[in-house]
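The chain below stands alone and is given in structure tokens; this is the form predicted on its own.
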Amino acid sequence: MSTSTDHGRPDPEATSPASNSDGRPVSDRGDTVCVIGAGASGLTAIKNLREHGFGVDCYERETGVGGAWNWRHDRSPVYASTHLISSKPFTQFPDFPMPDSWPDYPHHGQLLSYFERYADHFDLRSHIWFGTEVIRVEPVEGDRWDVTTRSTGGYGPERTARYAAVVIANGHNWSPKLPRYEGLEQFRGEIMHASSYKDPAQLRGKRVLVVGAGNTGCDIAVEAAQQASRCWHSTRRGYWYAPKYVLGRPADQVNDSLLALRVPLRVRQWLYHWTLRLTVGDLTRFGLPKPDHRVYETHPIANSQLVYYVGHGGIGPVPDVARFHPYAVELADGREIDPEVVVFATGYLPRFEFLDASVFGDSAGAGRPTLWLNAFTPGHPTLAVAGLLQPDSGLFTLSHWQTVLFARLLQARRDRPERATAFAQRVRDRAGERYSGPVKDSSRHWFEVGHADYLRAIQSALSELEGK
């Protein structure tokens, strides 16, 4: 292992001098692994790599842990009322449970305190460079990586260190995906992306149009129904809306019981439709469009209040936007509405600006890497992505096991190279494999996985790597 200071940072006197192809000085960190990002996935990557005997340097562009769940961060998408949409048991790390006294769906402030306690419990802060952004990650000979950093905001000199491996955990919910509409530039009202929405006071007393039917769009529409003078909710297609509680239990816990029993997809779809008929009935009678896909072909929207406010007139469902006029918005059915504020809850795109797109097989630079297990890329056995998932349950358990698998792969490269070689062949053969049923082809669904199928795939990969 390479030597580091007490804070987990490179010790200039203990690193070997080197230079890259441009002649820039490089600090050789030996067997140390670089982790990019100190959100949920980055923190569990640090912990699991350390537990498997590796030195770790983590670079975090912000001044604290928590990633997207730290509302102080300028890239955080959370707003005042943000809560989990997956319940506590299916969200927490498997080796660090959330307090029993917490509610089924904790608030984002509780999530931040959870990450802070996780970091303190496992002594992770000493391995994190806060206020430091990664600007380049470049492959070099021997499956190693040159990582160039600087102070966040572009201040100070650039520094390059050479690492044995890299884990990318920079999140995928921070770079807004903005739609294009005819006339949008001439619209005289206020336009914002959901990433800029923080508090319902931004909507109070105004006529609001919310565009987008994901979980965030539905949350904002519900808040607009309570605070705005009028709310329209525009969706391109129909969606399935799932209550957060079914039979008195969090809905994901009920669904997981069915998955554990290996209930076939068709049966689960029938049970969902039966439950929907018993609770809210036919959604089209509320003016909501009929879904153009079967349930579970996309993850249902977890929201218990949207249908309530539609039914009470607080939210007016409208079709897709056709074009903008200076003082009006024309809808696909020819109607015009006159919102003062338009909120685009149109999602996010993953960004890896520090890495050449060809490394991920993303020649077009669209942000959709070709990976196995949404983590491993062909041709680069010492590079992994953590947390690039959109599961039907919580993310943190999946990120935990992703990084355990990567740590054991790095061990195998050192101790059992024939197993690491076989693993690399599986990455080449199976990159792009999906871990869910058929889904709609849109960027919103690129990274959707069924958590039960995904965990079984991770377990199989662990067993093969360990020769079981």
Partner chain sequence: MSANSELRIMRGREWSRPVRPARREVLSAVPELEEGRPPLLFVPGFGHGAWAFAEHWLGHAASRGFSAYAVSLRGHGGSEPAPEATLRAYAHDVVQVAASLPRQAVLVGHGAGALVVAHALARYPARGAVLVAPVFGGWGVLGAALRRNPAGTLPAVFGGPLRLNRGQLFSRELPDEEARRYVGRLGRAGRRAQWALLGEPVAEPAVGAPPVLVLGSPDDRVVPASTLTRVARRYGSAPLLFPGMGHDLMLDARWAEPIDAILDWLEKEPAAH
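Positions refer to the first chain, counted from 1. Note that the structure is predicted; figures quoted are calculated from it, not measured.
Below: the form predicted in complex with its partner chain, not depicted.
Judged against its partner chain in the predicted bound form with a 4.5 angstroms heavy atom cut-off, the residues 205, 341 and 344 are out of contact without exception.
Of the candidate stretches 379-387, 294-302, 116-124, 189-197, only 116-124 has residues whose heavy atoms lie within 4.5 Å of its partner chain in the predicted bound form. Although the partner is absent from this view, residue 177 stays clear of its partner chain in the predicted bound form, with no non-hydrogen atom inside 4.5 angstroms.
Its partner chain is not shown here, and in the predicted bound form it never comes within 4.5 Å of any heavy atom of residue 314. At a distance threshold of 4.5 angstroms between non-hydrogen atoms, residue 456 is in contact with its partner chain in the predicted bound form.
Its partner chain in the predicted bound form comes within 4.5 Å of no heavy atom belonging to residue 427.
Though its partner chain is absent from this view, in the predicted bound form it lies within 4.5 Å of a heavy atom of just one residue from 183, 99, 287, 281, which is 99. Of the residues given (151, 257, 229, 358), 257 alone sits with a heavy atom within 4.5 Å of its partner chain in the predicted bound form.
Heavy atoms closer than or equal to 4.5 Å to its partner chain in the predicted bound form belong, across 70-96, to the residues 89, 90, 94, 95, 96, ordered by sequence position.
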